[in-house]
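Next up is one chain by itself, shown in structure tokens, the form predicted on its own.
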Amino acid sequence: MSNHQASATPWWLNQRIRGWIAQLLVIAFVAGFFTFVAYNTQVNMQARGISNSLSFFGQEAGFSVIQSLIPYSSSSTYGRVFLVGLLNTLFVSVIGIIFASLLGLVIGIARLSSNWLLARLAGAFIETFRNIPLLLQIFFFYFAVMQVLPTARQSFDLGGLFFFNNRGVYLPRPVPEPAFWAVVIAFVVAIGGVIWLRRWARRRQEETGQPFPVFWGGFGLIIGLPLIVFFLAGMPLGWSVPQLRGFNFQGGLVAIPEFTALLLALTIYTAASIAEIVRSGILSVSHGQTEAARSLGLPNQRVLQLVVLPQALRVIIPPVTSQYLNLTKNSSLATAIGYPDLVSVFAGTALNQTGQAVVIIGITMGVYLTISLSISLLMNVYNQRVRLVER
């Protein structure tokens, strides 16, 4: 009877058919919209004599860049400009993520401290820097901190190794000698040893119930093995210390004011948010579980490692991933103070000189999308590895 009724139902009243028709109409509408946009853009570009090819990548750029991680001069090509901007963006983003994570972890734990003053200072840090727009913080660190530093001849001197002035921050630069490759190999071997040690310790504990101090064992491998090889190889590492010659410093590493101001702002702004995420993650673990673990005789370190962190990380990692994405995208604000990131030199100067707006903006958007998806992928993989497995 029901089959007879279904066969007698007109197709326009069939819910399944109507659902397929609705989805096809949506797909057709979206495809038509983007086709219209692409066609309209192509027509306008042809009317203005603008090509959409990538041939401009081989043309000479003709402008200089104040910071480059690879060799670059004004006679380099626009393709080189793209690489310089991309590397500068990745450089400030990676260092910012590392510093923001460490600072946010410390501030987040400090806010849970039983010390009244420490907890209030951590709270003041979070509420201050989280509620001030990032662009204003970048301007503050650039104009009110870096630009008012003394000149090179009157630099702040820290032990004759570190110098601070309005031209940047000068640091000693390591200069590896040919035999230093042995230290690098020892470090890689030590990492492999730590991975093996961790697996062996887990298997040993499952078989015998006896824990092994993996942290101290791994720490000894990571530090000890390269250090032994370093001394056996005759300490093949020199240092280039910055020295004042004439009107400026020569040698060493220099962090230009634009980079320093941007890194400070990104680090502090993101760390304030990460600190709150860390605090909420730790508080999400029931206090009763901590007390139960201690009643079994576990020391505080093991309680933190076995009970608190596995559960807190489930809460911490997803929002921290969003903060990493925000930091990477916020690095594009560097163009406000002239730091030569991808937006400044490629989507700014190169676009103005070549007029390839559609191509350059499209490539820039694709680069940021790729970076963000890569960060999300890595953090999701890490989240899967550290998440608490329920039995």
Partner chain sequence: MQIVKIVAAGVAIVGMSVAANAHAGKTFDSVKAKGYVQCGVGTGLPGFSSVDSKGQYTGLDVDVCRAVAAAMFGDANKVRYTPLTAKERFTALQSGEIDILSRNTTWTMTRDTSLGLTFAGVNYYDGQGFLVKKSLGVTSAKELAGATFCIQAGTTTELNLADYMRSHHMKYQAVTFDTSDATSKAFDNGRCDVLTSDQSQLYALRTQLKNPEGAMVLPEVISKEPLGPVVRSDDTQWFNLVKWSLFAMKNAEWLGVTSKNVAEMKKSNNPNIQRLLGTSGEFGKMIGVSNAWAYDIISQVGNYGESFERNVGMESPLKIKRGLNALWTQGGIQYAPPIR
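Residue numbers count along the first chain shown, from 1. Note that the coordinates shown come from a computational prediction; the quantities given were computed from them, not determined experimentally. If you superpose the two forms and keep the largest set of C-alpha atoms that fall within 1.5 Å, you have the rigid core.
Another form exists, predicted together with its partner chain; not displayed. Remarks below refer to it.
| query | Within 4.5 Å of its partner chain in the model of the complex: all of Arg120, Arg203 and Asn380, by heavy atom? | reply | Verified in the model of the complex; spot residues all out of contact, no.
| query | Looking at the partner-bound form in the model of the complex, is Arg294 within 4.5 Å of its partner chain by any heavy atom? | reply | No, Arg294 sits far enough from its partner chain in the model of the complex that none of its heavy atoms falls within 4.5 Å.
| request: Report whether the minimum heavy atom distance between Gly62 and its partner chain in the model of the complex is within 4.5 Å. | output: Result yes; Gly62 sits at the interface with its partner chain in the model of the complex.
| query | Would Ser74 count as a contact of its partner chain in the model of the complex, using a 4.5 angstroms cut-off between non-hydrogen atoms? | reply | Yes.
| request: Indicate whether its partner chain has at least one heavy atom within 4.5 Å of a heavy atom of Val285 in the model of the complex. | output: The answer is no: Val285 has no heavy atom within 4.5 Å of its partner chain.
| query | Of the options Arg314, Arg198, Arg173, Arg167, which one has a non-hydrogen atom that comes within 4.5 Å of its partner chain in the model of the complex? | reply | Answer to the contact question: Arg167.
| query | Looking at Leu86, Val106, Leu135, Leu237, which is the one with a non-hydrogen atom within 4.5 Å of its partner chain in the model of the complex? | reply | For this set of options, the contacting one is Leu135.
| request: Could you tell me which stretch in 182-190, 256-264, 298-306, 220-228 has residues with non-hydrogen atoms within 4.5 Å of its partner chain in the model of the complex? | output: Flagged stretch: 256-264.
| said: Using a 4.5 Å heavy atom cutoff, which residues in 140-159 contact its partner chain in the model of the complex? It's fine if the answer is none. | reply: If the 4.5 Å heavy-atom criterion is applied to its partner chain in the model of the complex, 140-159 yields Tyr142, Phe143, Gln147, Arg153.
| field | Flag for Thr35, CA shift 2 Å or larger between this form and the one not shown after aligning core | value | Comparing forms between this form and the one not shown, the Thr35 CA shifts at least 2 Å.
| For Val145, is the CA shift between this form and the one not shown at least 2 Å following rigid-core superposition? | Comparing forms between this form and the one not shown, the Val145 CA shifts below 2 Å.
| query | Fitting the rigid core first, would the Cα of Ser73 be found 2 Å or more away between this form and the one not shown? | reply | For Ser73, whose C-alpha is compared between this form and the one not shown after core superposition, the shift is less than 2 Å.
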